[in-house]
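Taking the form predicted on its own, here's one chain by itself in structure tokens.
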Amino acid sequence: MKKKKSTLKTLFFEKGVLFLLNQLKLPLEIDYLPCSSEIEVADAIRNMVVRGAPAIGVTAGYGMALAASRHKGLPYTRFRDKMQECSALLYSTRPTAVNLSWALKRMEKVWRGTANPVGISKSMLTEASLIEAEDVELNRSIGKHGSSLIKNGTTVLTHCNAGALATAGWGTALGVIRSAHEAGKKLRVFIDETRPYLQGARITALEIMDLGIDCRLICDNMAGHFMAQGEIDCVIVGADRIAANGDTANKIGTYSLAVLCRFHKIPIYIAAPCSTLDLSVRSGADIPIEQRAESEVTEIAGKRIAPLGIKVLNPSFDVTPACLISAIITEKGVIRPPYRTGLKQLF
């Protein structure tokens, strides 16, 4: 059977402009936001026009390239200052996703490599393009390794969105599902809505349906029920930062799923590229957790759903302890406990 290919693209660069799929408008509207400066790119990342740790890293690379192009006419010392300002601006947008700082450090090696702003500008665009292309290939490798864990007839639960639209293409957690699907395995996917931003309902559901994979949308608080009914065989999620000991920061609610998985003896797998690993962080206790606006909880699609004046807590991520994680799937293979040893050997 011929498999359906996704028609959606996270981003593309054309004639000096970065176009980002505006994920705030999904699934009802397909619209690309043009970004001509690092300031517009930073706003797009901060406001979640683009989201997903790998996609944020790729986007930041292009943001640096746009800044280099805008300021290439300056003397090198002034140009260098602008590059530092741009890097700091982009880094401030999403503090939890380590792929962002990884990409900025990679771009920094380019703009510090020579004192010729015009030459740097060209090299920066080349490097950003390489980061994008490499991300797709890394995700394909993650999918290949991870699909070996998926048996024919498996029902998978996903959380948030870790598909092609959270990366430069193919996806991490959804990339595993996609690879198993393309290998001819019959799958069913349960998609939880992922409050408060509804990335599962709005984006993952769109991607899975676009690929022609059998799926069901459920509310976040239904996962335990379906696990108890024997409906779910495994959980696969992405990651925004993985500490040296395997503790993993991912979309808020991942920790709760991991606890449910442990009780019901269901494996939970983390799928992420090595750029998501942060060996400088000893454990999840040291991972910064982004706090987002109250309106994301009190409103849906701009409509108020909570009483005026209610106080809100809105952490965007939580940390799942390594002891609850069955395996971590990377482009270099599947890592199992003890994670501190296995993750260190990847570098």
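Nothing here was measured: the structure is a model prediction, and the numbers come from that model. A residue's number is simply how far along the shown sequence it sits, counting from 1.
One more form of this protein exists, namely the form predicted together with a further copy of the same chain; it is left out here, but the text below deals with it.
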item: Among the candidates 206, 149, 89, 104, the residue which, in the predicted bound form, approaches a further copy of the same chain to within 4.5 Å (heavy atoms); value: 206
item: In the predicted bound form, the one of 234, 125, 198, 187 near a further copy of the same chain [non-hydrogen atom within 4.5 angstroms]; value: 198
item: Residue 255: touches a further copy of the same chain in the predicted bound form, heavy atom cutoff 4.5 angstroms; value: yes
item: Exercise: residue 48 in contact with a further copy of the same chain in the predicted bound form, heavy atom 4.5 Å; value: no
item: Residue 266: touches a further copy of the same chain in the predicted bound form, heavy atom cutoff 4.5 angstroms; value: no
item: Distance check, residue 108 to a further copy of the same chain in the predicted bound form, heavy atom within 4.5 Å; value: no
item: Site check 215, 225 and 306: each within 4.5 Å of a further copy of the same chain in the predicted bound form by heavy atom; value: yes
item: Options 163-171, 198-206, 236-244, 81-89; stretch whose heavy atom lies within 4.5 Å of a further copy of the same chain in the predicted bound form; value: 198-206
item: Residues within 4.5 Å of a further copy of the same chain in the predicted bound form, restricted to 136-159 and counted by heavy atom; value: 159
